[in-house]
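Here we start with a single chain on its own, the form predicted on its own, put down as structure tokens.
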Amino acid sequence: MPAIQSAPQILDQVFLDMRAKLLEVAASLDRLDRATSADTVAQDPRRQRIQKTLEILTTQQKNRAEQLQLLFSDTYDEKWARPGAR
């Protein structure tokens, strides 16, 4: 059975990747904000989901990944037909 890593070990392992991903998100938001007609996307549902994501990430809850997955997922539709199904 593998040994469970401590929080400091995990942070040592993932810090640089997390830092790079956060910088990428920040740079993308900066580009959006500096672009012409930036105000036109403020009410876009995708932009609002991104904002909600940032709020979720700043909480201390232990299910942030689950919350983000649900936020970016379509709601269940029992009438949905799978491709190739009749």
Partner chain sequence: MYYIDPHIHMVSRVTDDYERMARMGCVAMSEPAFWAGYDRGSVDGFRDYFRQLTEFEPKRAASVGIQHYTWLCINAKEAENISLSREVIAMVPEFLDKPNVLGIGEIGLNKNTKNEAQIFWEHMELALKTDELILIHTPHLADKYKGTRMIVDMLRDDPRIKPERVLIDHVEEHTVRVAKEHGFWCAMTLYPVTKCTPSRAVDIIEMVGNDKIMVNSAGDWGPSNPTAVPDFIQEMRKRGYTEAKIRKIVYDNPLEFFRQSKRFKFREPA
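Numbering follows the first chain given and starts at 1. Model, not experiment: these values are computed from the prediction.
Quick note: we don't show the form predicted in complex with the partner chain, though the next part is all about it.
Student: In the predicted bound form, is there a heavy atom of the partner chain that lies within 4.5 Å of any heavy atom of residue 23, even though the partner is absent here?
Tutor: No, residue 23 is distant from the partner.
Student: With the cut-off set at 4.5 Å between non-hydrogen atoms, does residue 4 touch the partner chain in the predicted bound form?
Tutor: Yes.
Student: Is there any non-hydrogen atom of residue 76 lying within 4.5 Å of the partner chain in the predicted bound form?
Tutor: Taking the distances in the predicted bound form, the answer for residue 76 is yes, it comes within 4.5 Å of the partner chain.
Student: With heavy atoms only and a cut-off of 4.5 Å, decide whether residue 18 touches the partner chain in the predicted bound form.
Tutor: Flag for residue 18 set to no.
Student: Hey, which residues along 34-48 are within 4.5 angstroms of the partner chain in the predicted bound form, non-hydrogen atoms only?
Tutor: Nothing in this stretch is in contact.
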